[in-house]
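Given next are two forms of a protein chain, the same chain in both, each as C-alpha cells and marked structure 1 or structure 2.
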Structure 1
Amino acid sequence: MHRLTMLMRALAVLTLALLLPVLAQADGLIAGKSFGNDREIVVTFKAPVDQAVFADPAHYLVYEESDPDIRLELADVRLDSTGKIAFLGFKEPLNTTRPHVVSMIDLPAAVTGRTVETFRVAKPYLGYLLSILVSALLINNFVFTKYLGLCVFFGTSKRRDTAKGMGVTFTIVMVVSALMSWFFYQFVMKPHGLDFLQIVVFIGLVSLTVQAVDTILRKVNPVLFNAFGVYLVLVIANCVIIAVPLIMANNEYNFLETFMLALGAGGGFLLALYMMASVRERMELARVPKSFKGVPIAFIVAGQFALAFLGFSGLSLF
C-alpha cells in the first residue's frame, strides 16, 4: 500500500512539526505554559516546586499584554500531585486570542536566583499559522464557503485528471503570485500610499506568474507543460487567484501568513475540485432528470457540499 506509507509519512512529519515548538521552549524555571480552558492558564515547571509559594495567588500577577495596568483577578492556584504543574484559575473568562503576561513575584531567591519571573502566555504562533492554513483549506474553503472561483470550478471538475492538474497549477500560481504580491504590497504600495492600485497590481502579478510558469515549464519540463499548460490560460480570469492577495492586503498578513493562506486556498481549491470531479464522474452515469443534466446538477451537488461544509463552521483548532 504505497499510498498508506505516504500518508503515514506525512502524518509523522506533521506531528513532529507540531511537537517542535513544545520541545523548543525551555528557559529558566518554566518548562511550558499554555491556556487551559477559558478561565485557566497552565504553567509547567521544570522541577517540582514549593507548594507554599507556588500555590499562592498572591505570588502571581497576570494581565493582558495590551492592558498592563489592569490585573486579572485570580480565583485560585492549584498544583497537581507531581508538584510540577500549576493551574491558575481566574474569576472572569480570559480572552485567549490575546497574549497574556504572567509575573511571578516575591519568589524565594534560592529557587531561581531571581525574585521575579515574567513570561508571556499566548497561543502558539505555529498554531496560528496552521489555523490560517486549515481555515483556508477547510473551514473557510474558498469554493464551498466563500463562493469564489466557481466558473473554473464548474468548468474543470468533469474529470479527475483535469481536476488534479488544474488544482496543482492553481496552487502553484497562487502561492507564487501571493508572495510576490506581498512583497509589492509591503514594500512598494503601502509606503507610498498606493493602496488603491491593488487590483491592477495584483492582477498584473498574477498574469506575470502565469507567464513565468508557462515559460519555465515549457523549457524545463515539456511533459508537465503538456499536461498543465492548457489550464494556465484559464488561471488568469479567476477570482480565487486574485482573491488571495486581496485578502492578504485586507488582513495585513506577514510573509509566512500569506504563504499559509495561499497554500491553504490552493489546497482547498484542489480538494474541492478533486472531490467534485470524482462525484461528477459518478453523476455522469446517473439518470439525472433531463433539464438538470450538466451544470444545474453540478450546482446542486456543490450546494450539498456546502451544506456538509457547514459542519466546519465555528471550528477553532488552535
Structure 2
Amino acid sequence: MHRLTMLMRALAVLTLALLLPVLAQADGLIAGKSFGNDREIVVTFKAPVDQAVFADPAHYLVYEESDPDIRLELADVRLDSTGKIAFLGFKEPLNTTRPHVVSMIDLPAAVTGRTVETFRVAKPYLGYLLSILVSALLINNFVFTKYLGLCVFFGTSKRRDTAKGMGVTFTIVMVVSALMSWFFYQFVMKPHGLDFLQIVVFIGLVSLTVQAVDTILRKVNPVLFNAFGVYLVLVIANCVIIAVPLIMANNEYNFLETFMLALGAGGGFLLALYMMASVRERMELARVPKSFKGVPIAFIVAGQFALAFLGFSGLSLF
C-alpha cells in the first residue's frame, strides 16, 4: 500500500513537471483582453506575435459564453505596429454585457506551447453591476423612457413631500419584492417548471410587500399615509413594480444584479417624481392658459422631461 502511494505521488510530480512548461508558455501568451467599442475585442500579447498567423480571422472562434453554438463572424483582425496588440473587428455589434469566449486555433505549437488557446473576455463585474444601476436610473428610466407607472406618477407628483414619500415607498417595495421574486423564481418556480406562473406569483409577492408597508406606514406616519390615498393600493399591480421581477427572470439575473436593478428602478422613479413635483409646484404661480391648467400642462412637462432623458440613450459608462 505504501509503495502504491509513493508511485502515485511520483506520477503526479512527473505529470506536473511535464505540464508546467506548457502552462507557463500559455500563460505568457496573453497579457490582457478587453472589449474595445461595440464591435471590437482587444487582445494584448506579452511578446510580438507572427503577423501571418495572428492577423488571420480563420484562426479565431468567438462566441457568447451562454450561446456556444452561435459563432460570431469576424470582419477583420488587425495588429498594431509593435505586433503585441490584436484588434478583433466584428460584422455585428457585440453584447458587451455578457462574457465572450475567444479560441485561437491552429497556432504554431513551437511558439505558443499548444495549438489552441482559449480565454474569456468580460467587463469587470463591479462595472457591470453599476451599469445595471445607472441604466435603470437614467438611461432606461421606467417613467421617462418606458412610460410605466404614469397613473401614480401624475397622481402623487403635485407636492414634493408627497413625491419623496411615494418615491421612497416605491423603492422599498421594489427592492423587497424583487429579491423575494428572485428567491421564488430560482428555488421554487424554475426547479418545478412553473415559469408560466411568473405574473401571478410576482403580483402576489408585491401585494404582500405593499400590505406590510401599508400597515407600517399607517402606524408610523399617518399624515403621509393619508396623503397617498388610493395610490398606495395601486402599487400592488403597478407596472413599474411588476416590470422589475419580469426583467430579472428574462435576463436570468443573480441576487446582486436583481438588487441593483430594483434599486436603480426605484431611484429612477423617485427622481422622476421629485423633478415633476418641483416643476408642478412652480407652475401654480405661472400664468398657464386656462385650457392647459392641471393635467394637460402636466403631460406637456412630462413629455419635455422624456425628451431630455433621451439624451442618455446609448450611454455606456463601463
Partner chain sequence: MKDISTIIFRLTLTCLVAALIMGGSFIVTNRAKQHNQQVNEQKVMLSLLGYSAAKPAPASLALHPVYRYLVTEQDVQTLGYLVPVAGGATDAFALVTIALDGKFVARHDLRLAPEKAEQAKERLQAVQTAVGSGKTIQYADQTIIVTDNGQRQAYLLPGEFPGFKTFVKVILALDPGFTVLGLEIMEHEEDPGLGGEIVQDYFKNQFRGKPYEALKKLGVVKEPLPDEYRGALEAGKTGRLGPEEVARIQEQYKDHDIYALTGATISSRSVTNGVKGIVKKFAYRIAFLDRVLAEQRIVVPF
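Note that the rigid core is defined as the largest set of C-alphas that superpose within 1.5 Å between two forms. The structure displayed is predicted, hence computed values, not measured ones. Reference numbering: structure 1, starting with residue 1.
Novice: Given the two isolated forms of this chain, which one is the form predicted in complex with the partner chain?
Specialist: Of the two forms shown, it is structure 1 that corresponds to the form predicted in complex with the partner chain, while structure 2 does not.
Novice: Looking at the two forms, how many whole degrees does the smaller rigid part turn against the larger between structure 1 and structure 2?
Specialist: Rigid-part rotation, C-alpha based: 37 degrees.
Novice: Upon rigid core superposition, what is the positional shift of the Cα of V102 between structure 1 and structure 2, expressed in Å to one decimal?
Specialist: With the cores aligned, its C-alpha sits 9.1 Å away.
Novice: Enter the rigid core superposed C-alpha shift of D214 between structure 1 and structure 2, rounded to one decimal in Å.
Specialist: Its C-alpha shift, to one decimal, is 3.2 Å.
Novice: Check the Cα of F35 between structure 1 and structure 2 on a core superposition and give its shift in Å.
Specialist: Value for F35 between structure 1 and structure 2: 5.2 Å of C-alpha shift.
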